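This document starts with one chain, in the form predicted alone, laid out as structure tokens.
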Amino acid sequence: MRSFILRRLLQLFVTLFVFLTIMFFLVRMTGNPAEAFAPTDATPEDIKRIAAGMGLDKPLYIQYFLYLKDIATGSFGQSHKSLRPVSDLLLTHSINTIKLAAVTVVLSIIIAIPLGVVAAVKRFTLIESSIGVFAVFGMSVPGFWMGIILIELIAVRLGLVPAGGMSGPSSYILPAITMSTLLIAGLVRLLRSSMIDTLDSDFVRFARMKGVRKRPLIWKHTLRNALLPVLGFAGVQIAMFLTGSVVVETVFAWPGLGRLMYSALIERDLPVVQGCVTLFVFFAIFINLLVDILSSYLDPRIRLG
């Protein structure tokens, strides 16, 4: 098990290094950020002075090594717009994003697992059809559209919860519902299929012949074996939540990492953009590592592979 985790950690660092290198050169291809901060009547000499102050006058390979040094030390440089350390901005906004993601994941698990199990057990019934319609709807509806509709109906017309911002526990409701809809729908469909396959397996038939009661057979034995493909899907979706939170956080004015990155892209704040992308990539790779470890506990054959 220890060698399995060490191999995954090595893959994590290699993948992170490759992504960061690609991201550095892609960001540099978007243009000169000094031009975005220069006044409209700035001369080429003014732009050069601004670029020198931002450290963009150095050769590209020196900028690259300084960029890797900042990431290794966790400083990420200084924001060109707010003049604050990028690490402070990332810490504050990433905590808000993680809070929202945690609420979303807990809500999704509480709803999706019972619905998926019931849909598998109640095959060819009206209950299964109703759950299937909900799952198709959740997989099809765009997140930004659903967020706008929820704001209009629940926040504006009914006035039950805040329309945006992070003002208290009630402000989590609308963005969490918006983000969890896709995850719930995907988990329900995948868990239903996996449960059906597991219920038709030989060990379940043998357990029924031995007289194992239906409830422990479903919720203890069958569900554990059916969770392996579901766990992989959930890991990918959670990583997508963290890396794709730009839209939802912008719609709900949530002070998270996604909205920070959106603002930095508009303002061409290069250090903040690089810091946000670095955290997004790290979150995605780290979550995949956790999924691999949890999967190896559910199925020891993965460690042998």
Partner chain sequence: MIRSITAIFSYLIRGGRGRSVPRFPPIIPAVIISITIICALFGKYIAPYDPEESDLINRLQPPVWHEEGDWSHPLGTDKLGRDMLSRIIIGSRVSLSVAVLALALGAFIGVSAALMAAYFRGWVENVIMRVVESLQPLPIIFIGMILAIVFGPSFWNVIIAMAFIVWARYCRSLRGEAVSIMERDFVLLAKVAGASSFRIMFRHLLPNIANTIMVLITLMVGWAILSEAVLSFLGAGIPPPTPSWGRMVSEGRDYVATRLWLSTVPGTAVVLVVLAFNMFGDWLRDRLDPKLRQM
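Positions refer to the first chain, counted from 1. Note that the coordinates shown come from a computational prediction; the quantities given were computed from them, not determined experimentally. Between two forms, the rigid core is defined as the largest C-alpha subset superposing within 1.5 Å.
This next part talks about the form predicted in complex with its partner chain, which is not shown.
Might residue 105 be said to contact its partner chain in the model of the complex, defining contact as any heavy atom within 4.5 Å? Looking in the model of the complex, residue contacts with its partner chain do not include residue 105, since no heavy atom lies within 4.5 Å.
Would residue 47 count as a contact of its partner chain in the model of the complex, using a 4.5 angstroms cut-off between non-hydrogen atoms?
Answer no; every heavy atom of residue 47 is more than 4.5 Å from its partner chain in the model of the complex.
May I ask you to check whether residue 21 falls inside a 4.5 Å heavy atom distance of its partner chain in the model of the complex?
-> Looking in the model of the complex, residue contacts with its partner chain do not include residue 21, since no heavy atom lies within 4.5 Å.
Its partner chain contact in the model of the complex: residue 161, any heavy atom under 4.5 Å: No, no contact at 4.5 Å.
Q: Could you tell me if all three of 149, 190 and 262 have a heavy atom no more than 4.5 Å from its partner chain in the model of the complex?
A: Contact check passed for all of 149, 190 and 262.
| message | Looking at heavy atoms inside 4.5 Å, which stretch does its partner chain contact in the model of the complex, given the options 68 to 76, 139 to 147, 171 to 179, 86 to 94? | response | That would be 139 to 147.
>> At a 2 Å cut-off on C-alpha positions, does residue 67 qualify as shifted between the shown form and the other one after fitting the rigid core?
In response: Yes, the C-alpha moves 2 Å or more.
Aligned on the rigid core, do the two forms place the Cα of residue 253 2 Å or more apart, comparing between the shown form and the other one?
No, its C-alpha moves less than 2 Å.
(request) State yes or no: after fitting on the rigid core, is the Cα displacement of residue 93 between the shown form and the other one at least 2 Å? (result) After core superposition, the displacement of the residue 93 C-alpha between the shown form and the other one stays below 2 Å, so no.
- Is the CA-CA spacing of residue 190 and residue 12 tighter or wider in the model of the complex than here, given a 3 Å or more change? Closer, not farther.
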